[in-house]
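In the form predicted alone, a lone chain appears below as structure tokens.
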């Protein structure tokens, strides 16, 4: 068989992988398959700009001409039913079978749906796709009360978007603080305070018990402590579940994601997994993680494209994330799991500061609020393996930039 790379999933990871393969000089066939009918689109705006000023054309990741000009075959609205790694073939639900020499699984993740009474009521929604965003947008016109369940990035972004649209917004988070798995406590405290100042009712440490419905439609959210919050729409933001069913059926190793090695290769030859569906051993934190971020998806896509095109190497890119919430741009570089020391630069009262996370003297991560320059420098420091002292940080951005430039990243 002539070379053919099939990519299952046309989100940020899949679309980037297809284009990067051509950029890396891959000459074989490329087929990009997705069960959504829409041309690959940007997902971050779905919880923000798209709800405020819906314009689907602005969401398009790449014009259709890019795929056509690069001889990338798009199979949209197509569902992969099975994958046979031994024969290197996959089957579509319409009966077609397609062979491959390399396979990239970029199947993403779906919203986690809590097992609670009333969760299936009309008006209880989640946000993972453009179809979800269209539904929420259409519902928004005729409602006043919105309850957001979950204080992660999606939940907080949705809360601010709904508030700007004039809705009464209540956000309920079971954990002691919002963004608890993502940012430092001082950032969580800051975000909670500014969100409340923006008119959003934020409740932390509160668990949802059930969703009350009337005639099949959501009416209220009831909490374990007995409170009742009226709701005409409930947005669930309680995490995501990786789409690994195809991988399990194909016999691939799966553990809260498709298990891949440092080259992003799965347990089967010539099968890769990237993006939200992949779990890998992160070199910087020394543990297995699954990252749900656009940048991780696109970085991994570029990396796999290089590998398939003949330039393999371990994946060592610095993890980074961002989130826009009201007048706050949150940016994180690195992962702070094992931090035991924290240093804050700037003034939270001015809505512009950064928190540096250390394990001993080693820099692990930096959270920034409205300090984009700090974020960019942090990414350079982490890539170069440079750990500044508190005095270095206090000396300012130019000094940190110089530290980062003095030591180049070690070769992969």
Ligand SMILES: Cc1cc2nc3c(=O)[nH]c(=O)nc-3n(C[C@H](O)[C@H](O)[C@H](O)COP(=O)(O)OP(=O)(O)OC[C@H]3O[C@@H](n4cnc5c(N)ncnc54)[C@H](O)[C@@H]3O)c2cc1C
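Residue numbers count along the first chain shown, from 1. Bear in mind the structure is a predicted one, so any value in this text is a computation, not a measurement.
The same protein also has a form predicted in complex with the ligand, omitted here; what follows describes it.
Although the partner is absent from the chain shown here, none of 191, 339 and 365 has a heavy atom within 4.5 Å of the ligand in the predicted complex. Taking the partner from the other structure, the ligand in the predicted complex has no heavy atom within 4.5 Å of any heavy atom of residue 64.
Taking the partner from the other structure, the ligand in the predicted complex has a heavy atom within 4.5 Å of a heavy atom of residue 33. In the predicted complex, at least one heavy atom of residue 8 sits within 4.5 Å of a heavy atom of the ligand. Within this chain, residue 107 lines the site of the ligand in the predicted complex, having a heavy atom no more than 4.5 Å away. Checking 128, 265, 282, 88 against the ligand in the predicted complex, a heavy atom within 4.5 Å turns up for just one residue: 128. Residue in contact with the ligand in the predicted complex (any heavy atom within 4.5 Å), chosen from 294, 254, 238, 74: 294. In summary, the region of this chain contacting the ligand in the predicted complex, judged by heavy atoms within 4.5 Å and restricted to 108 to 116, 218 to 226, 167 to 175, 183 to 191, corresponds to 108 to 116. In the predicted complex, the ligand lies within 4.5 angstroms of at least one heavy atom of each of the following residues of 301 to 326: 321, 322, 323, in sequence order.
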